[in-house]
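Starting off, we have a lone chain in the form predicted alone, written out as structure tokens.
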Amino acid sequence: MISIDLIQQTAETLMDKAAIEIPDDYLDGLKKTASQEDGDLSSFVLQAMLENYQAAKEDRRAMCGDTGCPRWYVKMGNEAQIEGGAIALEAALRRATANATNGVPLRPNRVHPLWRTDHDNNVGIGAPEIEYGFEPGGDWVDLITVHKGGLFGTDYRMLFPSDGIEGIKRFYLDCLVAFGKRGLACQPAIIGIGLGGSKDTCMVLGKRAACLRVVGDKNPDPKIAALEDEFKELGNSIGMGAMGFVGKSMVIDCNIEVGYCHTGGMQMSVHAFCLSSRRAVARVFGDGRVEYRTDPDWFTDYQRRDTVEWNIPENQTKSA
């Protein structure tokens, strides 16, 4: 049985880590990008970003003044038991979000869309978002917090099968140019692309591709993995660099996720996970252990399953 107090304590630690400590995979990708950038202003911005990340970690202060909109992804092993159940879990995550807003601190970005009611704690109707996933075996719970920018850097279009790969490329480039020219995202960014599903699941796939996959990760489908590499190179060839200045550092990495869709359509969404790439992960075990990491490891074979039944591989144990 996983203690609800441990859930909340871990969640509050994650909120602090996400706001302050940039994940190593993104930091390594940014350093590599900075070493290759030759645009004067883009190079200046990239170096300033690297210095800012170091200062934030040393001072234990948020790396960006706009700390985004905190959201949660929860993945449970099939044998996990939580004190008080799912209702207690969600209450703990909401308390952790409110406490971290005042404790880290985070900017209170959440307001009512019409009345602009602000509780000054990033908690309200539908906020923070909590999404769930499940895995065969295991008595653990993965808590993943992502502080995603909540304004722009996202777009959607209904394409058609006849548009093909070229149509996907056109919309992808349209999005990146708009993001850069209009200041709709903070580059360089991890770009997530969702293909297929229905409109809502297409958006979910793209956002998860941006926020829950690390730099250097590849889709297990070799053809999609090849597209990811091609789209990264393509995104860095449009003449835009850091924060939209002239350069070649628009995309740190490109991740693509797919879902089966209606035979007559090909939905597509594009999401930019901004230059802060705020995410943190912890696995909480039934025996009270907590293991922190920065790789969400969300897109497992089970999450991408495409058959009616799921047959657990022989090498997968209950503690995996």
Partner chain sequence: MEHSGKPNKIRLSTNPTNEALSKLKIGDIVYLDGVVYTGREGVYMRAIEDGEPIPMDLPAESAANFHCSPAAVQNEDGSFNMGAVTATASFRFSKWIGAWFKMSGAKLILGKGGMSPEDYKKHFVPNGAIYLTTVGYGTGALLGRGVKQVRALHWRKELGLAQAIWVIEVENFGPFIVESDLEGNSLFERENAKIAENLSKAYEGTRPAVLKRFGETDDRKDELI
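Remember, it's a predicted structure, so these values are computed and weren't measured experimentally. Numbering follows the first chain given and starts at 1.
Below, we refer to the form predicted together with its partner chain, which is not included among the displayed structures.
Undergrad: Tell me whether 134, 141 and 224, taken together, all sit within 4.5 Å of its partner chain in the predicted complex, counting heavy atoms only.
TA: Zero of three within 4.5 Å in the predicted complex.
Undergrad: Between 106, 210, 202, 93, only one gets a heavy atom within 4.5 angstroms of its partner chain in the predicted complex; which residue is that?
TA: That would be 106.
Undergrad: The chain here is shown without its partner chain. Which stretch in 66-74, 257-265, 290-298, 27-35 comes within 4.5 angstroms of it in the predicted complex, by heavy atom distance?
TA: Single hit among the candidates: 66-74.
Undergrad: Though only this chain appears here, would residue 240 touch its partner chain in the predicted complex if you measure heavy atom gaps against 4.5 Å?
TA: Flag for residue 240 set to yes.
Undergrad: Mark residue 151 yes when one of its heavy atoms lies within 4.5 Å of a heavy atom of its partner chain in the predicted complex, and no otherwise.
TA: Flag for residue 151 set to yes.
Undergrad: Examine residue 115 and determine whether its closest non-hydrogen atom to its partner chain in the predicted complex is within 4.5 angstroms.
TA: Answer no; every heavy atom of residue 115 is more than 4.5 Å from its partner chain in the predicted complex.
Undergrad: Does any part of residue 174 reach within 4.5 Å of its partner chain in the predicted complex? Heavy atoms only, please.
TA: Flag for residue 174 set to yes.
Undergrad: Of 43-64, which residues get within 4.5 Å of its partner chain in the predicted complex if you count heavy atoms?
TA: 44, 45, 48, 49, 51, 52, 55, 56, 58, 59, 61, 62, 63, 64, in sequence order.
Undergrad: How does the CA gap of residue 183 and residue 31 change in the predicted complex versus this form, closer or farther, if it moves 3 angstroms or more?
TA: Relative to this form, closer in the predicted complex.
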